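Single chain ahead, written as structure tokens, the form predicted on its own.
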């Protein structure tokens, strides 16, 4: 799905920077939820505006919380949020389990199927819809709706009932190593750059003998739908009944992704695609440009070289991916009142919001713009305005019922093209045929 006029109309006012925030929240990955008979089903007549939240228990309780977004850099920030919550709520303890993103949804799916999930856990938007539809999430009542941006709160409702709270959102930008650009005598990226500018700079800054690469962009579904939008293409037809991405624009987008492999970007044989490969390459000062999310700000704060960001360049238009996370309460939690109290604090309290902003841990979904304004003052990177500028042109992800299967198919076929096992045209045509088979 490419950037559309409809998507633009759905963006509400954007926090402190006066940019815009897209209503639809993108997902990094999608698992699936079972529908255990012990779990209550979604209610059609519940209202978060009129219902009261359940009363907490009189004796001390421990709430469990499973998450992925604090992994690899924000564990201490989450611990500080827990400490602040426990100080404000004597008698309630929070036990945190943090998992790597790559393992998270498999572990969550297994836990839900086995009735062993945490009291509270993190979900992205597409996962939220799947889990809420299967009746494994508790209804949230008495939610302080005025704390959150309305569109983001509504995103975690199903049929008007609140089953989750928005926790954070983030987007993807172009990172670059300023020291490498300076040493190579190459002009640094700007807001008006295109793919051609990226290609030219990457070629000049690649030094294979020194182990320095000009660019890293994952060859995956999440990058493909975005660069497809940048090329002016569409993933589906207008009524979303047929995949259409093996188009001239799709071939151009896929070529843009795979042609860098082995020329200005590491190959699979070099380790590309393995966990933390790109992160470590950038941290070691051996990567000139990198497309990844703003969640990496904290992890890169202590690098020994200067780096910055820019809005990601496009072909015929700019288009940036955006991701959103929420938190939910399990329908099987023995302490639903305490669990809801914890996730309200985690997502909407002034203490948690300030900690998130100070740590550059994505962006909070709160309505109070004054709490988010300091985000622009934290460095690095110096050009934090690019975070908000990127939200002016957002590419929304294509979503179907068999989401994970679709993502895996597209990533697999793109990988075949990048490794030379198939031509770009054949890989994309095969991917399109396989996705259409999922659509029935």
Partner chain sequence: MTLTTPTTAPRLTSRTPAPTRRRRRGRNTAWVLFFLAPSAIPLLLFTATPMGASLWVSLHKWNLLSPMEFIGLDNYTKLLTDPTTRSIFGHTLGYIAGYLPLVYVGGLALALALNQAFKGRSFFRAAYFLPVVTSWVVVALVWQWLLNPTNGLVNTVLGAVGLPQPGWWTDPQWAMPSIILASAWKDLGFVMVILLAGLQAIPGELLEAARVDGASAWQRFRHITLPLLSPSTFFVVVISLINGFQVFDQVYVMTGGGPAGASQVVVGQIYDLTFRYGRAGEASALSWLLFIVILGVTALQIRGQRKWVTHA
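Residue numbers count along the first chain shown, from 1. Remember, predicted model here, so these are calculated numbers, not experimental data.
Just so you know, the form predicted together with its partner chain exists too; it's not on screen, but the next bit is about it.
Q: Which among 64-72, 377-385, 392-400, 405-413 is in contact with its partner chain in the predicted complex, heavy atoms within 4.5 angstroms?
A: After filtering at 4.5 Å, what remains is 405-413.
Q: Of the options 141, 188, 206, 134, which one has a non-hydrogen atom that comes within 4.5 Å of its partner chain in the predicted complex?
A: Only one option qualifies, and that one is 134.
Q: Just to be sure I understand the contacts: of 110, 241, 280, 182, which is the one whose heavy atoms reach within 4.5 angstroms of its partner chain in the predicted complex?
A: So the residue touching its partner chain in the predicted complex, by this definition, is 110.
Q: Answer for residue 301 alone: is it within 4.5 Å of its partner chain in the predicted complex, judged on heavy atom distances?
A: So residue 301 does not count as contacting its partner chain.
Q: For residue 247, is any heavy atom within 4.5 Å of its partner chain in the predicted complex, or not?
A: Flag for residue 247 set to no.
Q: Under a 4.5 Å heavy atom criterion, is residue 269 part of the interface with its partner chain in the predicted complex?
A: Residue-level check for residue 269: yes, a contact with its partner chain.
Q: Just checking whether residue 106 would be counted as a contact of its partner chain in the predicted complex - the rule being heavy atoms within 4.5 angstroms.
A: The answer is yes: residue 106 has a heavy atom within 4.5 Å of its partner chain.
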